[in-house]
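This document opens with one chain alone, in structure tokens, the form predicted on its own.
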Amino acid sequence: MAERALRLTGLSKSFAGVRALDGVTFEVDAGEVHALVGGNGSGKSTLVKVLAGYHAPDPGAQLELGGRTVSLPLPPGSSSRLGLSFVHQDLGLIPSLSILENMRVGRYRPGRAGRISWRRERQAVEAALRHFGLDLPVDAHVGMLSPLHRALVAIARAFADAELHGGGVVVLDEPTAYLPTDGVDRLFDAIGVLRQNGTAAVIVTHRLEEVFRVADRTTVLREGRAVGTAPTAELDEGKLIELILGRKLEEYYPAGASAIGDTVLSVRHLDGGSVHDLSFDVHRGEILGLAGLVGMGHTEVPYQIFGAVPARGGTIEVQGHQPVPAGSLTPREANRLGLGLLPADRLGGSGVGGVSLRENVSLPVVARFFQGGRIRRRAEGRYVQGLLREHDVRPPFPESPLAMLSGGNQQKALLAKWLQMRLPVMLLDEPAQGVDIGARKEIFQRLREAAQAGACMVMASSEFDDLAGVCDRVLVFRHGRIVDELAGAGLTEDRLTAACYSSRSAA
């Protein structure tokens, strides 16, 4: 029998009377890659936060690490000493600190007289970054890094901790959400190296292809309970989806297209960042996709159209309004024109994690709840609760902080925030990033319903299958320019992949 690296038994956790985990048993063998999957709100992130010492479990839970019984709850900061390393869904980095400080805080190794050798600390951090092909100045503030580089710094920190222990468990909560294909390959290669040292890895992911690619065993959580653990080789995609949902998924993407109408959004000669002389139109009822490899400029377009990132030139025209210079457009003005933006960064750019769902969701329409110079909070709360139920946000508690929800429920709440306004144009960046298969279907259904009601959507995504399944038309970007356009029968995942990787321009 393999040596047990981690064993959790009788794990339950309740929040305000709602059970997030209910009697869960979870076991990981030394040197094993174990996938932990389940729908949003199934309890995955709560389990991870119990292991990290962020949440105290309900009485009765027991934890063993490397065959040793460990008392729960874990004191904050003690996980690393016990051989547990983490890459959290929100990365757990402090933007105002440098890469060096983020990677070494709480890990400094003072020499004689308690002095820290900063030269040795820098060398350790640089070596850890090189492991993932990163050549970054270690004094750079994390807040100035791209989402990709922030994710790689968090991963490098966790793996450096694991190598220091020479065993233990690395827990990765949605580690590939911000990674391009080559970054995912590097991550999985690094996991393989750690396994040789007896280190186990727990991967929490919504991407089923990653489960089948890397996991030895898979545990499925549903509604706070462990509903099955099996060798991954004994599962197939259909069986795994059925375990996750508790039913068969009949249709993944919404059926039926919208009636395409007049032009609603016209972009002319947009220029800025990686984008060069970009022009395109979007029509009423249309979902337009923007695709490309990392760094090709397609993900910058929604932010430049909305004025969240300054453009150098070009014009934006929304039906019924005069063209506006893109360089002078602000988010407030864009919203007045009928534009909404759902950023990829849920807690950094789309919502405020420490603020309640009520305040996040009602923000665009909060003026309607003012009376006599005060906000009618009770009316606001009832209104928001109705929206949360309509969009199947769980739990639908208006006073819950946004950050307390799972990633998929955060995204559904933030989508509800914009769709309530029935704007003519919605701009979206990675709307289904880090979202489970059930919630993805709900999100895509909401987008299609909004399009059928007359809105137009511009959706940037790195998920080629989503673009092919949801969009009416997709523009392919290379070096900031449109090089191909796919639509109708020609819009398939394979053709989209080929168009993004091909060096030949079709447009």
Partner chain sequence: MSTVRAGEPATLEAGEGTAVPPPAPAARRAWLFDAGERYGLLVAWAAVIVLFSILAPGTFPTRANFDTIFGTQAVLLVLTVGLIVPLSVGEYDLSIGGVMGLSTIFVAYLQVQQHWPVVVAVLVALAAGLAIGAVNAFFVVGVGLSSFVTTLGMGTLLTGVGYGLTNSTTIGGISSGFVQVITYQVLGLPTAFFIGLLLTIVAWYVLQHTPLGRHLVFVGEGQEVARLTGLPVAKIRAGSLIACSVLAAGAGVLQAGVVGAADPGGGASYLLPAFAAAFLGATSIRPGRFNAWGAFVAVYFLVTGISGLELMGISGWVQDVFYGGSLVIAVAFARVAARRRNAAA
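Numbering follows the first chain given and starts at 1. Please read all numbers here as calculations on a predicted model, not as lab measurements.
From this point on, the text means the form predicted in complex with the partner chain, which you will not see here.
- Message: When the partner chain is placed as it is in the model of the complex, are Pro424, Met459 and Gly469 each within 4.5 Å of it, taking any non-hydrogen atom of the residue?
- Response: Heavy-atom distance to the partner chain in the model of the complex: none of the three under 4.5 Å.
- What stretch, of 424 to 432, 400 to 408, 261 to 269, 118 to 126, brings heavy atoms to within 4.5 Å of the partner chain in the model of the complex? Within 4.5 Å of the partner lies stretch 400 to 408.
- Message: Is Arg478 near the partner chain? Define near as a heavy atom within 4.5 Å, in the model of the complex.
- Response: Arg478 lies outside the contact set for the partner chain.
- Item | Heavy atom of Gly292 within 4.5 Å of the partner chain in the model of the complex | Contact check for Gly292: no, nothing within 4.5 Å of the partner chain in the model of the complex.
- Message: Under a 4.5 Å heavy atom criterion, is Glu380 part of the interface with the partner chain in the model of the complex?
- Response: Yes, Glu380 is a contact residue.
- Message: Can you tell me if Gly168 lies within 4.5 angstroms of the partner chain in the model of the complex, counting non-hydrogen atoms only?
- Response: Residue-level check for Gly168: no, no contact with the partner chain.
- Task: Consider the chain as shown here, without its partner, and state which of Leu148, Ala140, Val355, Val227 has a heavy atom within 4.5 Å of the partner chain in the model of the complex.
- Result: Comparing distances to the partner chain in the model of the complex, the residue within 4.5 Å is Val355.
- Item | Sole residue of Pro343, Gly285, Gly297, Gly183 within 4.5 Å of the partner chain in the model of the complex, by heavy atom | Exactly one listed residue reaches within 4.5 Å, namely Pro343.
- Query: Taking heavy atoms and a 4.5 Å limit, what residues of 357 to 380 are near the partner chain in the model of the complex?
  - Reply: Result: Arg358, Glu359, Asn360, Ser362, Leu363, Pro364, Val366, Ala367, Phe370, Gly373, Arg374, Ile375, Arg377, Glu380.
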